[in-house]
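In structure tokens, the next block holds one chain alone, the form predicted alone.
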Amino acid sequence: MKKKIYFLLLAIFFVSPFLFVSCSDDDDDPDINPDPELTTSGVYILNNGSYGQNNSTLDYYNPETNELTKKVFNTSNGRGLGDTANDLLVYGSKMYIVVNVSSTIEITDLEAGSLQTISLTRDEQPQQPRFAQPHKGKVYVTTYDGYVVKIDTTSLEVEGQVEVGLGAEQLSIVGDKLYTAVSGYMTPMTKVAEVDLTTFTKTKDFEVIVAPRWMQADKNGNLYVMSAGNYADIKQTVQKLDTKTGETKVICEDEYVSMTLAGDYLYIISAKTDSETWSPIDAKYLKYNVETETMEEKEFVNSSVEINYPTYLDVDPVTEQIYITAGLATNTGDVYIVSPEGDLVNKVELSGYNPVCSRFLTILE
């Protein structure tokens, strides 16, 4: 982690032009790597913890040594993250940790050392932040009280807020438009809000299935929205939303659904819900090609791999290994690392309850 770490997209943009420079005498230097490659140097795994217990934690996994360093934020800063950490964003030289119930954004360096803590309030009331996304030197954060908050990544100050609707959840950015799922919180809603980032104003709403929660955007600007349904006759559903026409298409539905988008594929955990633990069981691991709009015949986890209570997933952008977090809300969780071929690479026991996301650090070597 002492090497200079680059956020994946920035590394590709700034460094790739130099790969085509003509040869010189220095090319014979054995210490110069003529073909630098992106590698994943580390993975941060965020543990949500138990509601009201102030026990959120951040772990660091080294994929080269298969070693896990637990509670790195606590160790680096001599204090805990707070209550119910919900999302982690790596952007440039900083990380942004969204802590929901504590209503804070912890901004750290890439070794989890604290740089700034932002307390999010409006009219002296906690806003309960949910998810974060970057765009052109800003970080945008959604809040349960219905706003998108804009944070400047240089001053580390809040620059403004725009109202989008109660229970704003995961967000995606396409061009200069921001889209966020608006769940309604205690009164479920059926909309995705659009914000024009050039004016920082809400411009329209799109209709989707009730209680939208998570969202991903493909390279063509289509949105993939997971709606939680009503836990009765409307199941959890993944749908494709065309922001040009407003039309939607159902991709899959089940009692429990989780998803992430990587490249041309939408990776989906589709499962039943255990009636005693309310946790996912009997999972299917679906891989949907967003270009051809077809579901792959083969699941992305082989049947020989047993994962207990799978919950969330993320894909390493370099190795394409799949990190699947798992566990009950009352026990410390695990992360299962699965190869692109569907085989188990490693299972790692984490420090906290309810692990919610894995975020990848990449370097050029």
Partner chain sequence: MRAFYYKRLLCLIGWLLFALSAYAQQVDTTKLYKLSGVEVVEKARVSTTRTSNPVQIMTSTSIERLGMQDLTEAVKRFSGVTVKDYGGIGGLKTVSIRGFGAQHTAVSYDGITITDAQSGQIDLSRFSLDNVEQVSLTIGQSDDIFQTARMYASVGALSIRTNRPSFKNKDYNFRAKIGGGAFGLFTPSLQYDYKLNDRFSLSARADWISAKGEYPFTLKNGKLVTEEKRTNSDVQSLRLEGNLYGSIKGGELTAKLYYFDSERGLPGSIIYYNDYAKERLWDNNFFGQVNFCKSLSDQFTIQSSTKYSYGYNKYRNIDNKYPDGLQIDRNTQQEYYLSVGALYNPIESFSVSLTSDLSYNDLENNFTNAALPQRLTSLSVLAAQYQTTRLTLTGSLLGTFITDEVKSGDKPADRKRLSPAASLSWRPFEETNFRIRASFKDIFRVPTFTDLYYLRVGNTKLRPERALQYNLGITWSGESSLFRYMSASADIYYNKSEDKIVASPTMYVWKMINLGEVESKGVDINLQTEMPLNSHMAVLLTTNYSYQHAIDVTDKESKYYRHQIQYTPRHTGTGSVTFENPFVNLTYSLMAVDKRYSLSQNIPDNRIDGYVEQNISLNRTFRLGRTSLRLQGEILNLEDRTYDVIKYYPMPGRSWRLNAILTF
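Positions refer to the first chain, counted from 1. Values in this document were obtained by computation on a predicted structure and should not be read as measured data.
This protein has a second form, the form predicted in complex with the partner chain, left out of what is shown; the following refers to that one.
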item: Contact of Ser93 with the partner chain in the predicted complex (heavy atom, 4.5 Å); value: no
item: 4.5 angstroms heavy atom contact with the partner chain in the predicted complex for Ser172; value: no
item: Interface membership of Met186, the partner chain in the predicted complex, 4.5 Å heavy atom rule; value: yes
item: The partner chain contact at Thr245 in the predicted complex, heavy atom, 4.5 Å; value: no
item: Contact stretch among 260-268, 150-158, 196-204, 231-239 - heavy atom within 4.5 Å of the partner chain in the predicted complex; value: 231-239
item: Residue (of Asn302, Thr39, Thr332, Asn62) lying close to the partner chain in the predicted complex, criterion heavy atoms within 4.5 Å; value: Thr332
item: The unique member of Gln216, Asn86, Ser103, Gln133 whose heavy atoms fall within 4.5 Å of the partner chain in the predicted complex; value: Ser103
item: The partner chain in the predicted complex: contacted by all of Lys138, Asp176 and Glu253, heavy atom 4.5 Å; value: no
item: Within 300-325, the residues that have a heavy atom no more than 4.5 Å from the partner chain in the predicted complex; value: Thr311, Tyr312
